[in-house]
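The form predicted alone is given below as one chain in structure tokens.
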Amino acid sequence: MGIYKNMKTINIGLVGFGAMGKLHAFCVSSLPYYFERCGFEASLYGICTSSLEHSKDVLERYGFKKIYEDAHQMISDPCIDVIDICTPNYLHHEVILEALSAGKNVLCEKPLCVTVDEALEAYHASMRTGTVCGIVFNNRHLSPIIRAKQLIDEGRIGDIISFSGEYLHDSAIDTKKKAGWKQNSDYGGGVLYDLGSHIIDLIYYLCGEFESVFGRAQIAFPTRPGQNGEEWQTNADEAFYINARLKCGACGSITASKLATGTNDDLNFSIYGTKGAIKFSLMEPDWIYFYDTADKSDSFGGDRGFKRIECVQRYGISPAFPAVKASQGWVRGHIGSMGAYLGAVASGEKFTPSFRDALHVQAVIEAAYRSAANGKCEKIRNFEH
């Protein structure tokens, strides 16, 4: 029974329960606290992992109602409303197509697929079925990003001239550490898929579509222990650097790296326009920095300078949980993403970021890899809206 009468119940089938699957389950469980009057009740109904033993453990520990031997069995269950995909990248495509063929709503972790052709097929399938489909670009749902989008759409920074974006980790520095699947191209791994997709999406979301890219990949440590602990040849980029031009004419750079010594989860961007500028750091998730050329200047500085806008927990939700002045973090964006997606499922409305958005990000990634291979600037593939 829902908390409120006539509340729509959305049964979620979760495919995969690694770090991201666990996070998705946490977000679903947390929604009643953050979205008190959301109009739906989300149920962690089904779980499917790489083994029945693991699935049974997840069911007992996290409150799922049913386990499935595989994704096919889950998708065929009429009780499931949403298929939530948290598997390694190379497995996304098949599950998406089967779920859409069965008329399920689909939420997928980024990237949508491993290739543009796969992503295009998934996008076309989503358009045919008319179900609610979404990609998890969780950073869009952080309050400073929401405020940055508002400022840009209002014309407060004017025409965008240039930008820089980076997502930095240090997880590939330790050469004694075993490589995970996200470092293995056989599983659709590589830092451009893992971290790069997030910063590419934010630049796309805030500044517009990409036109062309010049890319360079880096592997600093060719040999390290593989997933089985034996010596392994690194086969996926540990860092990636992009020079890009957007359709609006703005130019800039994007860096995705797991070779940045001393970093934690450092997602940063700066956007410069004719009337102002915006800066953000995920390590300071409560603030957006805004520079406005309309501020008066004089010989002692006047009012000019970057202003730190207190976004914190201001999401326009009443009552707010936690309080609007409470600090926030990385998980809050995921909670916002899950709440927005399931709200769209409950109302039958379209959701963004959509599979179409994910397709553009995929096209940027693929063009960057082509450029890194041939040493040439590459145009981004265009798709009909």
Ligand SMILES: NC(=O)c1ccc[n+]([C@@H]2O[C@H](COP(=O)([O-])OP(=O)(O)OC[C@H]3O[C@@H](n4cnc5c(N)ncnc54)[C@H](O)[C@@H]3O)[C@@H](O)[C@H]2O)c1
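The first residue of the sequence shown is number 1, and the count goes up from there. These numbers come from a predicted model, not from an experiment.
There is another form of the same protein, the form predicted in complex with the named molecule; it is not shown, and what comes next is about it.
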Looking in the predicted complex, is the named molecule within 4.5 angstroms of a heavy atom from every one of 207, 252 and 279?
-> no
Name the single residue among 136, 168, 172, 83 that comes within 4.5 Å of the named molecule in the predicted complex, judging by heavy atoms.
-> 136
Could you check which residue among 25, 15, 12, 365 gets a heavy atom within 4.5 Å of the named molecule in the predicted complex?
-> 15
Which of these stretches, 48 to 56, 318 to 326, 340 to 348, 33 to 41, has heavy atoms within 4.5 Å of the named molecule in the predicted complex?
-> 48 to 56
Are any of the heavy atoms in residue 105 no more than 4.5 Å from a heavy atom of the named molecule in the predicted complex?
-> no
Indicate whether residue 19 is a 4.5 Å heavy atom neighbour of the named molecule in the predicted complex.
-> yes
Mark residue 189 yes when one of its heavy atoms lies within 4.5 Å of a heavy atom of the named molecule in the predicted complex, and no otherwise.
-> no
Residue 201, heavy atom within 4.5 angstroms of the named molecule in the predicted complex | no
When the named molecule is considered in the predicted complex, the residues of 321 to 338 having a heavy atom within 4.5 Å of it are 330, 334
